[in-house]
Ligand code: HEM
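Below, in structure tokens: the form predicted on its own, a single chain.
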Amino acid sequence: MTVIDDIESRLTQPGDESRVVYRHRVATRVTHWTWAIALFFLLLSGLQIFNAHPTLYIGNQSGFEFDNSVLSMRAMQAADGKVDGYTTVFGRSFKTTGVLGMSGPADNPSYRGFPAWATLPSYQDLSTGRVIHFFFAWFFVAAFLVWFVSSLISGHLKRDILPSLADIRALPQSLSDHLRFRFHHDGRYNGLQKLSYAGVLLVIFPVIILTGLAMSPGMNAAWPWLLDVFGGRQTARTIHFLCMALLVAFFLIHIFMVFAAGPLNEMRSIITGWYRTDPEKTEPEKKEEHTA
């Protein structure tokens, strides 16, 4: 019995008719934690790489003669000589001193896109950042391939990730339940969860992998068409950055929902595979819940 099992058994009330089901297979659990570790290092090293040129563009080229930037984080000097950090989005600049563009102590500021605490290494070192990034990128890709093949074979992809028509029709109810923190612990994913996981696993993951490959000179020689698919190297870099931002947003929401739905049960399912479901409801209880 694991520590989580022991805690849950103590919290279970006498007469509780809930049951434990096997929710996550080994491949799902291993790839989940591989992604968690890989994405941590990919994010911090990716911000290190971004800081080497903290501007994003749309197109195949960039430079002083082009006006195609969509995001920039830089320190700029005002007319009075004061230097501040600014983040510019589609031509509109926002003062972000202390976080983006300029950070660190006032007597020894650091002029960089993201602050030292958000990058790996913390000091500016592009070559080390690239080594770390590429190393964990291949772990990320390998985990994705293992998950995809195993999910096809086991039926996990069709059963738990791709939403059915019934799931789509039930989306308004699923959204309403989540907004009211009314969770149904039946061991199955609802339509909202399936759409979220499908978006991450089948859209964002492949796109972030392919845009990463599109920025590689070696891949440009092998697959020159990949750059055309994404509209150029600079556009691929921008899409890559956007996918990273979406993954960070998903991670924050995911962690919040884990705590809201019951962290002990959720963590046990992704560590051991076993998940405790709600007790079976009687017909009057189901009607009362439906009309509430």
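Residue numbers here begin at 1 and follow the sequence given. Just so you know, these numbers come straight off a predicted model, no measurement behind them.
Below: the form predicted together with this ligand, not depicted.
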Tell me, yes or no, whether residue 51 is in contact with this ligand in the predicted bound form, where a contact means a heavy atom of each within 4.5 Å.
no
Given that the partner is absent here, does residue 249 sit within 4.5 Å of this ligand in the predicted bound form, heavy atoms only?
no
May I ask you to state whether residue 205 is within 4.5 Å of this ligand in the predicted bound form, using heavy atom distances?
yes
Would residue 197 show up as a contact with this ligand in the predicted bound form if we use heavy atoms at 4.5 Å?
yes
Since exactly one of 241, 57, 230, 35 fits, which has a heavy atom within 4.5 Å of this ligand in the predicted bound form?
35
Going by heavy atom distances of 4.5 angstroms or less, which of 137, 100, 161, 213 would be at the interface with this ligand in the predicted bound form?
161
This ligand in the predicted bound form - contacting residues of 132-158, heavy atom within 4.5 Å:
147, 156
